[in-house]
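Next up is one chain by itself, shown in structure tokens, the form predicted alone.
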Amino acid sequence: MSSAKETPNKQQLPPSLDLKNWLPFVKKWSIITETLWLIPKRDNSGSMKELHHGEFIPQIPRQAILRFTKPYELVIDPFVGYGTTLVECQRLGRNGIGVELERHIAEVANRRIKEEQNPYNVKVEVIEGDSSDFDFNEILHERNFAEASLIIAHPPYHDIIKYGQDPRNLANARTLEDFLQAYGKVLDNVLRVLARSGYYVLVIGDKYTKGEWIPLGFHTMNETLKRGLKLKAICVKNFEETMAKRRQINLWKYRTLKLGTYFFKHEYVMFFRKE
């Protein structure tokens, strides 16, 4: 695919999976090939040292980028949030475009990518706006890209965390049906620029509402499958540290015993391919 940057000298090429010599690559980059992802600690190196409520860990986009893209290809994140995907694009030599609705969050993402080193001279960019009505074709054309090889989506888990006041924010959807409809609009829009055989990665968790488990992951999976994508894997990743549960683990255990529920220690990483 076309790229907005020229390739630097061969001694500085970004990492790339070569199936003829796959084992050293898998070992060096800790590539996960199983569906159970036990990641003991969030990578807090470089500009990722600060933890923000609700962001996902860098290891998730890292796994997807290393498995399903080649150097200098384009990665899009329509819910870029605090910029985790774009930081990994810089580290791994992939171009990246992220869209964020809330200005105060986009500012954090911009600061992070400015603080992070860019050893492969790639282009990463945060665009402030709504992914459901962006003209992604025009955005890519203006930046000299033909298509995206990978889309990584980490939408709000409906109303669990309020990220801002904008009514277009999926975290402010009034009902589950409104949330799924809004998610579907973003999906329809961004899939237009995903390359054939490109991958769409959905990072999502479930939630409780009034003591009832809401399988948000499977609801969004079904919305995604309606778009004709092929489901390639559902991976389950563990939660070992969250801001909400820090130093309060016994309180959460007590609540689950009292309410007859369980507290979350997992989220889903779903892989779809465009046929």
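Residues carry their position along the shown sequence, with the first being 1. Nothing here was measured: the structure is a model prediction, and the numbers come from that model.
Missing here is the form predicted in complex with a small molecule; even so, the following discussion is about that form.
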Would you kindly say which of L140, L191, I105, L92 lies with a heavy atom within 4.5 Å of the small molecule in the predicted complex?
I105
Counting only non-hydrogen atoms, which stretch in 193 to 201, 97 to 105, 68 to 76, 142 to 150 is within 4.5 Å of the small molecule in the predicted complex?
97 to 105
Under a 4.5 Å heavy atom criterion, is Y120 part of the interface with the small molecule in the predicted complex?
no
Against the small molecule in the predicted complex, would V80 count as a contact residue? Criterion: heavy atoms within 4.5 Å.
yes
Would G54 count as a contact of the small molecule in the predicted complex, using a 4.5 angstroms cut-off between non-hydrogen atoms?
yes
Any non-hydrogen atom of R168 within 4.5 angstroms of the small molecule in the predicted complex
yes
